[in-house]
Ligand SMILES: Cc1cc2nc3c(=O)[nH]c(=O)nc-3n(C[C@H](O)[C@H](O)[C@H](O)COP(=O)(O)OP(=O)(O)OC[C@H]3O[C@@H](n4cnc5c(N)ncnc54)[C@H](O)[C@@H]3O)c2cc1C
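One chain follows as structure tokens, the form predicted alone.
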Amino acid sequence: MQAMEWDVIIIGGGPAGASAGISLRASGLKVLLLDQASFPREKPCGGGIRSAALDRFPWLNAALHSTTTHFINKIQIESPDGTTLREERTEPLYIMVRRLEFDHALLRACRRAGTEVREGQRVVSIRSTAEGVDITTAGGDILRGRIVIGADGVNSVVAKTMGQGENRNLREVGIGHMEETPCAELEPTSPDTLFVFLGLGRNLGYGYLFPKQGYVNLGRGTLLSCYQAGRSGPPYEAHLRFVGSLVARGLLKGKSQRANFHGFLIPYGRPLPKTYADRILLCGDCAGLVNAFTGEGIYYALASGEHAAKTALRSIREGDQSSRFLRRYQELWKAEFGAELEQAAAIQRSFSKNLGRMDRIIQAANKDAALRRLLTDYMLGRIDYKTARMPLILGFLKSFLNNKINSLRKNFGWGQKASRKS
């Protein structure tokens, strides 16, 4: 069968792939996007996007206007020992979307940008040649592109073709279980507040409760290694216990719906060491571009898709699809958020060794409004780690010293005599 020719072939129609297709608009290139699903399709995910995405991607506003969108301006973070930190702003902190609608809207925008989209096309093999990259689908079609952008998730066929991602360490892959159910059946009692439960049940993992417009999305996540050790028991039984605890606390009303319960994998460590090869670029979850501390991935998917598109366009215009040229893509995404992802992975590893550190951080922030605001801004991606690092360190050091001084006063009775004399 004769191969069909394309300038760029994007594999995967989620936020990373759609962002690449949208970013190639008006480029004059012949672009094809393939996805094995038919949209709209269910995508297990919390569905939260940092509000900074609206400024970073101006075209995103139009996509959000065609979806059910819910803006959140209150957040409650709970540490493993139960300490609660609350923050409220007048401006939106987070944008909640249903991935079923959001991804479909992005794919429609991708089509309007001039990218040809083919749904229900499962890629079974990828072969790089001197002339291009040959892609074979399950239907027997052979498609040839000058360059391929892989955006096909954590189990990426493209990454495996590169020899990347197939043997991820179990401590670098997480598993999440979530439920997205209409409020008529399961309703959050604080629809304007996003809840995050760190170190849920004194285990290495997290829980969340995300209110949406007409829906609630809630779930739990942990390292795949912990899950395989069977620490939480059967997934849905563990989920029911989580839902039951939220109902008992008055944060939810109603009952879980088993049909809406899904599991999914999350790249939970550092990004893949190499996200490029001859004629190939990897972006989004496929490249491991997920915040290991917060679990956020949509923002990095959108940004990496844009960087991949710009690199591909320049590569084709200059006639060089070599690995040496395409390394510029990795330099671009690293310059924007590489340090952020590396630091998030380091924080996650630190907490995995000592959950008490998480308790102490939340306790300190809970007593200091400026520290609380700074920590919230960092967790929600409103400021980068470089900006937050020194003020956070000084703030936590101040809290630590105050706690030590208060403890010494209590143990040795400092200040008590002066109090009695007066």
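Residues carry their position along the shown sequence, with the first being 1. Since the structure is predicted, the reported quantities are computational estimates derived from the model, not experimental observations.
Not on display, but discussed next: the form predicted in complex with the ligand.
The ligand is not drawn, but in the predicted complex it has a heavy atom within 4.5 Å of V290. A151 belongs to the set of residues with a heavy atom inside 4.5 Å of the ligand in the predicted complex.
A residue is said to contact a partner when one of its heavy atoms sits within 4.5 Å of a partner heavy atom; L265 meets this definition for the ligand in the predicted complex. Taking the partner from the other structure, the ligand in the predicted complex has a heavy atom within 4.5 Å of a heavy atom of G297.
Stretch 257 to 265 is the contacting one of 270 to 278, 341 to 349, 257 to 265, 80 to 88, since its residues have non-hydrogen atoms within 4.5 Å of the ligand in the predicted complex. Note on contacts: among Q121, S315, Q330, T181, the single residue with a heavy atom within 4.5 Å of the ligand in the predicted complex is Q121. This chain appears without its partner; in the predicted complex, the one residue of A309, A301, A159, C110 with a heavy atom within 4.5 Å of the ligand is A301. Along 174 to 194, residues G176, H177, M178 each place a heavy atom within 4.5 Å of the ligand in the predicted complex.
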